[in-house]
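A single chain, nothing else alongside it, follows as structure tokens in the form predicted alone.
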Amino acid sequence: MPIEHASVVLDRLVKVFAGSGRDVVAVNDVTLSIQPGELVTLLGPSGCGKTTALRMVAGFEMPTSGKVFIGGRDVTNTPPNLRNTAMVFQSYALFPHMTVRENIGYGLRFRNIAKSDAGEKVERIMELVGLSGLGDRSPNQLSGGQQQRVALARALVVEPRVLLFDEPLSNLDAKLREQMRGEIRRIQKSLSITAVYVTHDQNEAMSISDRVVVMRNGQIEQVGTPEDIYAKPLTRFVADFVGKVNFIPVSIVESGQEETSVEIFGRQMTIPKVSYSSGETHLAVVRPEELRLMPPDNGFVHGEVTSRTYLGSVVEYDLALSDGLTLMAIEYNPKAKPPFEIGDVAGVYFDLDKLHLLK
């Protein structure tokens, strides 16, 4: 299906909603460039501005200031139906009185396309999204995952330059959600279509995105690949929002040419050089899976196990240290060694070479 690739640019975008007591700044000076064929996810908690930003790309909301460009063209004041975008909604928004085939082909009615050509487009897109043989069913005869596929097919059949997703999987159960996000990514990559995806689910964002945009209070906190967002967060908010995390205080003792001497847990250790000054204290981001639990006389510090959660493939531990700090550790393949029980004392070790410090 020949879809023309298009870039999306948000240029100093601002959206203010007038309130009874005070105005609400939903999006505050957001600038972002999305490359043709890229899938970028806007990630953040409720109220962070991600859906409002998406609706301004679609044309459903007008910016208070700033501009929206699609394919290099300023579409800030262009009506939604003339932007050549398509939205996949959270609620599916299917017509209950129409069949699957009629729902998918609905958008083609308003385009100058011959009926036979429209029928062929619908059949091709049904095959692409895995709906072959279901064209004569009504939406209430479909599972949640099949209804989501209909909504996706309806958006794709009009051959949009940009595909927009507004938390499309939030109504599905966990297993089906995982399956559908894989399907969305497969289809997006096969068509090389530019896509903007909104979610508050960090696992969803990490699994499907070329880049992730973490938002907070209407502003962008960080933009990067899933790997960068997870392993090298720029702020405490990003580190805490994207996955589970331990924050460990680290004092800079002396910064040398190739190594930096630091104090962790009251012990002086050496890490690769960081550009911080002596005497400063920062927080190290250590993910729970990076901690290794050992006998209590090993490791950098020891702590008492206060919680143990068995999850099949992993075991999660909470440990209380003598200085009041609490750490979370995740151990994979719990059958490989005897588990620690609540009340046990365990040594804690992690790789100093991979320590990531926040400013």
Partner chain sequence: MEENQSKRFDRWTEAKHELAMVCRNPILLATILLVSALLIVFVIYPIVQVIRVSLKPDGEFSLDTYGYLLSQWWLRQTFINSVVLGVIVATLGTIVGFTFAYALNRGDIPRKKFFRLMAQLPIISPPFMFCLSVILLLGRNGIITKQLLGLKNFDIYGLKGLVLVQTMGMFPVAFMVLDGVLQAINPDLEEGASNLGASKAKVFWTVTVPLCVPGIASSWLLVFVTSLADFANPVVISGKFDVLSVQAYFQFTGLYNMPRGSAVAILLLIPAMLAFVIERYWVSKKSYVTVTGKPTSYRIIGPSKATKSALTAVCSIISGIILLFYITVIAGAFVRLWGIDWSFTLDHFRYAWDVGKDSVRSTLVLSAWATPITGLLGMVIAFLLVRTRFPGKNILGFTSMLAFAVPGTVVGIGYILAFNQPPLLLTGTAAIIVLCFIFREMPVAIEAGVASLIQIDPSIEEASTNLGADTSYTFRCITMPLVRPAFIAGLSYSFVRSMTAVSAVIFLVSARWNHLTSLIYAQTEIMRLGAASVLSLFLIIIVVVIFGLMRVFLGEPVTRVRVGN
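Here the rigid core means the biggest group of C-alpha atoms that line up within 1.5 Å when the two forms are laid on top of each other. Positions refer to the first chain, counted from 1. Computed from a predicted model, the values in this text were never measured in an experiment.
One more form of this protein, predicted together with its partner chain, exists but is not displayed; see below.
A single residue from the set G266, G279, P96, G133 has any heavy atom within 4.5 angstroms of its partner chain in the model of the complex; that residue is P96. Exactly one listed residue, out of I252, V158, L128, A284, brings a non-hydrogen atom to within 4.5 Å of its partner chain in the model of the complex: V158. For the three marked residues, T306, G312 and V345, no heavy atom of any sits within 4.5 Å of its partner chain in the model of the complex. Interface residue remark: R149 is not counted as part of the site for its partner chain in the model of the complex, having no heavy atom within 4.5 Å. At the 4.5 Å threshold, heavy atoms of E341 stay clear of its partner chain in the model of the complex, well away from it. Contact check for T85: a heavy atom falls within 4.5 Å of its partner chain in the model of the complex.
Of the heavy atoms in I330, none are within 4.5 Å of its partner chain in the model of the complex. Judged by heavy atoms within 4.5 Å of its partner chain in the model of the complex, the contact stretch among the candidates 316 to 324, 23 to 31, 36 to 44, 297 to 305 is 23 to 31.
For the partner-free chain shown, R55, A58, G59, F60, E61, M62, P63, T64 of 42 to 75 come within 4.5 angstroms of its partner chain in the model of the complex, judged by any non-hydrogen atom. Once the rigid core is overlaid between this form and the one not shown, R267 does not reach a Cα shift of 2 Å, moving by less than that. When two forms of a protein are overlaid on their rigid core, residues whose CA moves 2 Å or more are considered shifted, and F89 is not one of them between this form and the one not shown. After superposing the rigid core, the C-alpha of L234 moves by less than 2 Å between this form and the one not shown.
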